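Have a look below at one chain only, the form predicted alone, in structure tokens format.
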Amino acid sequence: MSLDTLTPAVEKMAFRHAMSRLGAAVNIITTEGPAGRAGFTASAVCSVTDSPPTLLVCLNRSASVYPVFRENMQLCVNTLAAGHEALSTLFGGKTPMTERFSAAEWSTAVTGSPVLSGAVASFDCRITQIVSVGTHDTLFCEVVGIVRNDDTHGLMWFDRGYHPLMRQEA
């Protein structure tokens, strides 16, 4: 008997409800290059290794921004600070790109990707590998530059809501 016949399938909504209990940093993922400028909000970001420094970012292949990221093959992971809730919501919706980017101040990373002013950290990356799983692509992103802001507090997404993460004083 195979393991598949012994394990009941997990319902999609049960999985989503359980995942809402998995807290995660809130990020705006940006890109700019030959395919244009784009950005979206994501919590599906994590460290892979520090040699070479690599992150993974999950992106739905049906997202309107998908072709831009796929062609540009570079991005910046901007980890949001407390107070960026409205910006996160803006980048998570259907708002036109020009309106999304006009709502904040940006600089340009080494790759050309937009870096959010006031982000807790920004990781400038080149996409080195893409793996498809279900509806999403997992983008493996080698970090080529970092900008840190040690003067702000973090932002977390938990139980379908935003929560500030307060920095502890040394």
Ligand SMILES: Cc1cc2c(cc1C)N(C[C@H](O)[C@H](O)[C@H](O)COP(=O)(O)O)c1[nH]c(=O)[nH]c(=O)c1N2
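A residue's number is simply how far along the shown sequence it sits, counting from 1. These numbers were taken from a predicted model, which means no experiment stands behind them.
One more form of this protein exists, namely the form predicted in complex with this ligand; it is left out here, but the text below deals with it.
Remark: open binding site. Placing this ligand in the predicted bound form onto this structure by local C-alpha superposition gives no atom within 2.4 Å of a backbone or C-beta atom. Between 138-146, 64-72, 108-116, 122-130, the stretch whose residues reach within 4.5 angstroms of this ligand in the predicted bound form through a non-hydrogen atom is 64-72. Contact between residue 43 and this ligand in the predicted bound form is found at the 4.5 Å heavy atom cutoff. Although the partner is absent from this view, residue 83 stays clear of this ligand in the predicted bound form, with no non-hydrogen atom inside 4.5 angstroms. Contact between residue 48 and this ligand in the predicted bound form is not found at the 4.5 Å heavy atom cutoff. The closest heavy atom approach of residue 58 to this ligand in the predicted bound form falls within 4.5 Å. Residues of 93-121 that come within 4.5 Å of this ligand in the predicted bound form, judged by any heavy atom, are 93, 94, 100 in sequence order.
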